[in-house]
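To begin, one chain is listed below as structure tokens, in the form predicted on its own.
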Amino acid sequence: MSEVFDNVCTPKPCLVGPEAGPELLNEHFGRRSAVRFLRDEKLGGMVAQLTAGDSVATVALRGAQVLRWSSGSTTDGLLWLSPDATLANDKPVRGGVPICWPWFGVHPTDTSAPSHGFARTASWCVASTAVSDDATCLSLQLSESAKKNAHLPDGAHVVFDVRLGRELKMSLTVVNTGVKPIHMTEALHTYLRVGDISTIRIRGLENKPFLDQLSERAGNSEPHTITFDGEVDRIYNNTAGVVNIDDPKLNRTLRVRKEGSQSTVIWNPWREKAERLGDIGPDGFREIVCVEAGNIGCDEVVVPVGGVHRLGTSISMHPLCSR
């Protein structure tokens, strides 16, 4: 049994897709006040709203993307979402937790393929929902239309699970039902909301070598905690441990745990790149830090025939660490 997740993903029948509308989705999968499906008028698309105690999360059925998460007295939420976010077109949504699969970054051989794979813009359908005393769960899987994508690995059955409780737990499971191994890279591209990027520090990656994507230099490492005074884009390979984000402005520590992940991505665009990207908003970069669980580059995953791979991340909020 995993220390991060207490549910085991198995292939499930795909019953209802987002095109069915909220009435049918709620009829099959609604759970009183715990799970509700609706068309988000601001975002322009179908979402599932999950509630567990004082925690609330919003999950888009396009891209299986967790968009919002609030817990307790947090007013602005713990995830950052672009003020320009929309589900009304085919463009990726910046913010929340996009799924990068079945490749991270550019496609290894097809330059016309979308960056970070097709999963984050694909249609997903609802497989199941469940409610317990301490958690609300939602399970999604790639829709039949998404399975026709030319870049879907043969035999890949893909499930995304969200478990909302005192923590937000997410897992991406790939089952190989085909006749040859599946090679893939991946990430859960988590945008965490912070009070001010220039005041936070990240613990847990000290003395770990990383690839600096800005300079394309590998083998760097730092003996101290990570702080920010400019753009940062790093891939830490062979890192499976816990990462802590200390945020003095919001007086909290966000803790990120991982499962089935050997890569950790740390990213903030800073001002100039944020302006080029165009969907972050004035000074929005100050409220963002991405701490991503993944398997990238030399941490590529090979799922054998009949095998299962699960990438998971768990995020929790704690009082600011005094260290």
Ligand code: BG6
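Start at 1 and count along the sequence shown; that's the residue number. As the structure is a prediction and not an experimental result, all values here were calculated from the model.
Keep in mind the form predicted together with the ligand is missing from the figure; the text below concerns it.
Novice: Identify which of 167, 84, 233, 222 has a heavy atom within 4.5 Å of the ligand in the predicted bound form; exactly one of them does.
Specialist: Looking at 167, 84, 233, 222 one by one, just 233 meets the 4.5 Å heavy-atom criterion.
Novice: State the residue from 191, 210, 118, 228 whose non-hydrogen atoms include one within 4.5 Å of the ligand in the predicted bound form.
Specialist: Here the answer is residue option 191.
Novice: Partner absent here, but in the predicted bound form, which of 255-263, 29-37, 270-278, 47-55 has residues with a heavy atom within 4.5 Å of the ligand?
Specialist: Heavy atoms within 4.5 Å of the ligand in the predicted bound form occur in 270-278.
Novice: Contact with the ligand in the predicted bound form for residue 80, defined as at least one heavy atom pair within 4.5 Å: yes or no?
Specialist: No, residue 80 is distant from the partner.
Novice: Is residue 104 near the ligand? Define near as a heavy atom within 4.5 Å, in the predicted bound form.
Specialist: Taking the distances in the predicted bound form, the answer for residue 104 is yes, it comes within 4.5 Å of the ligand.
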